[in-house]
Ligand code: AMP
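Below sits a lone chain in structure tokens, taken as the form predicted alone.
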């Protein structure tokens, strides 16, 4: 695929100060990083840059300090994890993003091939307002700019958007891999394409569903969202999670799917319980006979069979959101079965599979197949906005 965005191999990296926008907004407990996935994905880009005796100067946000210096959100606490992942010493540079003299001095005195982490970009209010003056101060610290933070690409912030216009700029290796995987998922996919969308609420995914029905051949809807669609078709859903006020929206999406030639695949049976807790008694019902006091908490075996059949006919699967309350036994069965089926088809070379979103990552990890999909995105909001067909400012700024 010829990239429409600039890539690392198009930059002169020899003996440069490289401002690398990373996503170091990782979970931390008691001063230790508890999940280093985002850091792991950054390692190839860092290694590629230091190979040219360039200095890597990492920029990232961390938490929500609301534009003020707040020690609990200092990036100093992730330095050890970055050093461990890269096998390279990592220095830390404190800055309030107003007076850049100390940062300038630290970068100038660092030897070639150094890796430095600058303080949280959100310690200055101009980061989230995409302030050009702040971006210029950032640009004064480097010779070239590389963005390897796809997960922050949906934000037009100073370090993700404005800065990219001030220096020679390109996507890092992780960003490039993500964009190429997404292109194979929805941009120019091998058809037929099946999208699997689950989760609790239709209201949070209206734009997503509206976009997908015009771009895919089959749309599987599961989780609490499916209840709203079942209700819109006149089925009783008992005491299940259901946004009844969105029935007209659900019907509009179904009509749009018909016009676009997209098959909507809803559950035909469901695992029902009367208490929202693990290992509570359950019964299997057809969706036309849900108990008035019951809650739909997972798809049933006939629904699983129907969905796996659709997957068998597909060449590409894009997934966002679980099929049921997968965090609790036995309501993980539907999600696990579908995940394992997609993983097997991928392993057998019959499917390109792209998945993303926080709950989806947890669900795939729970099913033991997180590493068996073609690509799993660690980006939450950016992945969702990409699926909605929205332009991502951090990617647009890297376009040729």
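Keep in mind that this is a model prediction, so the values were computed, not measured. Numbering follows the first chain given and starts at 1.
What comes next is about the form predicted together with the ligand, which is not displayed.
Let me test this: is every residue among 200, 205 and 241 within 4.5 Å of the ligand in the model of the complex, going by heavy atom positions?
Each of the three qualifies.
Answer range among 302-310, 144-152, 224-232, 86-94 for contact with the ligand, defined in the model of the complex as heavy atoms within 4.5 Å
Selected stretch: 224-232.
Considering non-hydrogen atoms and a 4.5 Å limit, does the ligand approach residue 123 in the model of the complex?
Although the ligand is absent here, residue 123 would stay clear of it in the model of the complex, with no heavy atoms inside 4.5 Å.
At 4.5 Å between heavy atoms, is residue 82 in contact with the ligand in the model of the complex?
No, residue 82 sits far enough from the ligand in the model of the complex that none of its heavy atoms falls within 4.5 Å.
Consider residue 213 of the chain shown here, and say whether it contacts the ligand in the model of the complex, taking contact as heavy atoms within 4.5 Å.
So residue 213 does not count as contacting the ligand.
Check residue 220 for me: does it contact the ligand in the model of the complex (non-hydrogen atoms, 4.5 angstroms)?
No, residue 220 is distant from the partner.
Which of these residues, 128, 291, 183, 327, gets a heavy atom within 4.5 Å of the ligand in the model of the complex?
Exactly one listed residue reaches within 4.5 Å, namely 327.
Just to confirm, with a 4.5 Å cut-off on non-hydrogen atoms, which of 164, 296, 171, 194 contacts the ligand in the model of the complex?
Filtering the options by heavy-atom distance leaves 296.
For 25-63: residues with a non-hydrogen atom within 4.5 angstroms of the ligand in the model of the complex?
Result: empty, none.
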